[in-house]
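A lone chain, given as structure tokens: the form predicted alone.
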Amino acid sequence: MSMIERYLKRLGFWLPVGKRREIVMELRGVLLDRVEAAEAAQGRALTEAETRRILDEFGPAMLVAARYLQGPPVISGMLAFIYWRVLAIAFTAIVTVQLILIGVHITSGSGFGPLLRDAANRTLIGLLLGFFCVTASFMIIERCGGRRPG
């Protein structure tokens, strides 16, 4: 199996099943055209490294396949920028609260081992819950399109 065929097989894995064959055939044509143009320019068959360079310029298989996926992003545009900022603020707040709680427990003379284990568990749960709440909120805002009820 050639390098291009292996690349197309990886790419096909990420494509929607219903359109996979059609898209892979189209991309095979594009890649072979690029290889033929490069071979014509050099007057010889391409080396494996030269073919690899063409594939690298074409892009990682998963990212190329993503161009063919349908459906809107979960959170898009300016809202995505705000989402990442709010998520960063939420995560910072969660970690800060956990550090404060660790400081309070240390000053109260609690055992250090169980304290770290509990703090790690609380932080992980807090981060997951924070991620879920912020993401769900922004998904709702995205789907409502900024419309006001009523």
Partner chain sequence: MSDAATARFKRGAAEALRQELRRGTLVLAALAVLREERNGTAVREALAAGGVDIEDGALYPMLRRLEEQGMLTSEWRLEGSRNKRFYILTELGASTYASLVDEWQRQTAGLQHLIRKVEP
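Residue numbers count along the first chain shown, from 1. This one's a predicted model, so the numbers in the text were calculated from it and none came from an experiment.
Not on display, but discussed next: the form predicted together with its partner chain.
Relative to its partner chain in the model of the complex, residues L27, F58 and Q70 are all within 4.5 Å by at least one heavy atom. Only one segment in the set 113 to 121, 28 to 36, 44 to 52, 80 to 88 has any non-hydrogen atom within 4.5 angstroms of its partner chain in the model of the complex, and it is 28 to 36. Its partner chain in the model of the complex is not approached by I94, whose heavy atoms all lie more than 4.5 angstroms from it.
Remark: I141 does not count among the residues lining its partner chain in the model of the complex, judged by a heavy atom distance of 4.5 Å or less.
Under a 4.5 angstroms non-hydrogen atom cutoff, its partner chain in the model of the complex has I23 among its neighbouring residues. When contacts are judged by a 4.5 Å heavy atom cut-off, K19 counts as touching its partner chain in the model of the complex.
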